[in-house]
Ligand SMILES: O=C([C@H](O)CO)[C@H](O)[C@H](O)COP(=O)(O)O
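This document starts with one chain, in the form predicted on its own, laid out as structure tokens.
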Amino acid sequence: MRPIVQISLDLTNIDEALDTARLAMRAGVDWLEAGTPLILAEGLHGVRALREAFPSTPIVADLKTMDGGYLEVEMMAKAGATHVVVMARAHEETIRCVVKAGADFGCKVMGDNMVCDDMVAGAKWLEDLGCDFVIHHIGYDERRGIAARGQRMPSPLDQLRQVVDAVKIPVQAVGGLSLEQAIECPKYGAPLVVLGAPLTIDADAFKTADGDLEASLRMICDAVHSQDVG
């Protein structure tokens, strides 16, 4: 699988999300994500608006499904989502329901291993249950809470290679990565690179002299797309 750039629209206003998405698509982003904040704020309306504006672009609905899996997937797929997210910590039957709905409504399933006791085993379990992708994820509260206690902040890079080696499906690493770290993910064998929005260009190598965000994002996309997946 060639490297893919996905932008997570972690915004709470659909107009701002659409503006950011338009900029991202002009810059070379491949997939759009209706991030959890956008899902909470706008729900199905947000996904529909993205689909109307971008009729042929893959759209990930980051539902973080824990229960009611079949209905959630059906609703999001009918609104225009091409990918949905289910949590590994959900009951096995919920994951099976999400996979079944994905098959019924033509939607790919991304399984998220956040807060699994064994992240590698969690990824393998998601694959065994029929997920199409693994999201190897260290959560926001987990990262910040641990760091606030003066301990080392965990990173998805810590076990990314082990997760990639454990499964045969594509892997995405999420959670506190700098731009430079995110861009390096294909070298670990993880082809799906996620950028968060609101966009913060935190790597000097991608900052333009005039502060042009779109030009910076284009440089990032080019850096990702030029790689081979390790």
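Residue indices: 1-based, along the sequence shown. Small disclaimer: the values here were computed from a predicted structure and weren't measured.
From this point on, the text means the form predicted in complex with this ligand, which you will not see here.
Inset, instruction - With this ligand left out here, work out from 138-146, 90-98, 74-82, 103-111 which stretch has heavy atoms within 4.5 Å of it in the model of the complex. - result: In short, 138-146.
Inset, instruction - Using the partner position in the model of the complex, report whether residue 174 sits within 4.5 Å of this ligand, counting heavy atoms only. - result: Taking the distances in the model of the complex, the answer for residue 174 is yes, it comes within 4.5 Å of this ligand.
Inset, instruction - Check whether residue 57 has any heavy atom within 4.5 Å of a heavy atom of this ligand in the model of the complex, and answer yes or no. - result: It does not: once this ligand is placed as it appears in the model of the complex, residue 57 has no heavy atom within 4.5 Å of it.
Legend entry - Touches this ligand in the model of the complex: residue 181 (any heavy atom, 4.5 Å): Residue 181 lies outside the contact set for this ligand.
Legend entry - is_contact(residue 43, this ligand) in the model of the complex, heavy atom dist at most 4.5 Å: No.
Inset, instruction - Scan 21-58 and note down the residues that get a heavy atom within 4.5 Å of this ligand in the model of the complex; none is a fine answer too. - result: 33, 36, 37, in sequence order.
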